[in-house]
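Form predicted on its own, single chain, as structure tokens, below.
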Amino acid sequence: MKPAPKTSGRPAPRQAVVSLEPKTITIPSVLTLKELAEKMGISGAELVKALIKKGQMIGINNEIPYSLAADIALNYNVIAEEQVEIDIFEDTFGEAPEDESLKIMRPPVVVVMGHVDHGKTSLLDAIRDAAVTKAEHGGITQHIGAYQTSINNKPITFLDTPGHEAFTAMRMRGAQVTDIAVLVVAADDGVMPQTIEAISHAKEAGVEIIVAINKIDKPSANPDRVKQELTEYGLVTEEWGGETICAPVSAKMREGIDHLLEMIILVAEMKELKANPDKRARGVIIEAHLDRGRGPVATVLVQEGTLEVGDHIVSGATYGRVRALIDATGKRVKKAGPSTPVEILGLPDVPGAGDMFYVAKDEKQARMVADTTYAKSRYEMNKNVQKVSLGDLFNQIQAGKVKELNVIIKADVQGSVEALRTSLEKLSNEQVKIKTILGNVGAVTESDVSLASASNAIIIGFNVRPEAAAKAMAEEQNVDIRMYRVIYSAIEDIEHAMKGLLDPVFEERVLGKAEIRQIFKASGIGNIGGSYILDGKFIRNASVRIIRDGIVVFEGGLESLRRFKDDVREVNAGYECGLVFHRFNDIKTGDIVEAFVMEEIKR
């Protein structure tokens, strides 16, 4: 045993404390724990362990907000500063404050809002005096448009926005680009949930509200009750000492329309709406879709400047040259000034509805901005992807395996994409977040399936079909593709999957495909599609759908299946036949027809 070392009895000298300067890093508003560790220069595993010891259970790939990241960083003598998000568009196209003398009066932009069935579309019909009501699945106006009308030679621009709660986002978008909101309330029904919703959107956007009390021709109409109910939401009419203009109208009888338009002009004159027309244009995409003959078509509202044929425009990751401008009456025009809605032809892709558009000085600048936006959106899309499966979603949520459900949305028009995105994302709860990683117009393609496979997303199609190659690829890679004709069915399916309440489903089995090669007209029958069966077979009692450029234009039953002049039970591949569709005559040569049956699949 060694003797203990001798000590002098003096205390050991203190070691000098080295004062380390804190390290400063810049981080975005949201980032993963792994990204934070990399920024701080420490191991991700080490950071996770340290947090677990403090009772914070955060996974390496979990996203955390800036405030939490800054607190964690301080424990490691690191000061985290929030990264200022640079808006590439404002950075490129931002302008200094303008001289007021350069601005001129512009037409007011008006949005018509209101509860479903309160006569919003009928009022718009009455204003432009043309029937535009078109029945669609779900009984909802699903496409947004814009048009101009005038009274006493003073133009007014109207945005036609859907009036159902599934389209809240589109209505919000409408409110944010408008000056005046006409709130339609039925005189016999009063204030309803969507009326309240519309009031809140208009107020949030700082939009002047004019109330149109509709259906005053009905015996049960009670305008005073409507005015009384409106006071509960801060809308007090002028005759009751308030500032809200109320205009009694009957869209059906075409009464009070001129008075309503005069009130809109009066409010517009009081607001002194002005814009400078002598500069490069900027505005908002109201609607966008893919047209078979004309390619991508975007309805835009010019907010500032003047848009001209030949201008290079950029919106999101899309850029192109304006090939043609078409005004609200369908005429081609050379330019469009402030508050003017026009259709644009010439873009290579369908832009996003609700996105801003800007006119660039040349193609090089437009391409640079679009490429930067695309690269940024791809990075955001591919960040923090987690595995998920819809069929077993509830079990995975319960097991804590799923924190995020990735969705790819494909639809016939951009308005439907946005409506689905908003409605689905609203279903998010504390256990699982629904995230749309891609939403655009057109058929489901192989690249969509490839992205869904890589990110384990489900694909939701609305009024579109998957391409044959995409369908085969999806089956091979077990990608779940769900097709819908009614938006609420999609919302309901996701909601039920999250709650574990999915009923037995009916799976579609495609029997065959045919191409319409000739059209014959027959009195008393309508149009007969002279068709060639490409593969499979057609049977008399099958359901059919007609696909035109990847978009479903009809889904229903066969009225008759013919070989020469005889009705037959079935026709096989390689043979010609005549197809007559139940209550549908608008067939075209080149249309693809799919025959299918629905078979019940137990879960």
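In this text, residue numbers run from 1 along the sequence as written. What you see is a predicted model, and the numbers here were worked out from it, not measured in a lab.
In what follows, reference is made to the form predicted together with guanosine-5'-diphosphate (GDP), a form of this protein that is not presented.
Engineer: So in the predicted complex, is guanosine-5'-diphosphate (GDP) close enough to Arg465 to count as touching (4.5 Å, heavy atoms)?
Structural biologist: Looking in the predicted complex, residue contacts with guanosine-5'-diphosphate (GDP) do not include Arg465, since no heavy atom lies within 4.5 Å.
Engineer: Is there any non-hydrogen atom of Lys215 lying within 4.5 Å of guanosine-5'-diphosphate (GDP) in the predicted complex?
Structural biologist: Because a heavy atom of Lys215 falls inside 4.5 Å of guanosine-5'-diphosphate (GDP) in the predicted complex, the answer is yes.
Engineer: Val116: heavy atom within 4.5 Å of guanosine-5'-diphosphate (GDP) in the predicted complex?
Structural biologist: Taking the distances in the predicted complex, the answer for Val116 is yes, it comes within 4.5 Å of guanosine-5'-diphosphate (GDP).
Engineer: Even though the partner isn't displayed, in the predicted complex is Ser122 close enough to guanosine-5'-diphosphate (GDP), meaning a heavy atom within 4.5 Å?
Structural biologist: Ser122: yes, in contact with guanosine-5'-diphosphate (GDP) in the predicted complex.
Engineer: Considering Val359, Ala251, Ala80, Ala336, which brings a non-hydrogen atom within 4.5 Å of guanosine-5'-diphosphate (GDP) in the predicted complex?
Structural biologist: Contact residue from the list: Ala251.
Engineer: Heavy atoms within 4.5 Å of guanosine-5'-diphosphate (GDP) in the predicted complex: which of the stretches 325-333, 528-536, 287-295, 108-116 has them?
Structural biologist: Contact criterion met by 108-116 only.
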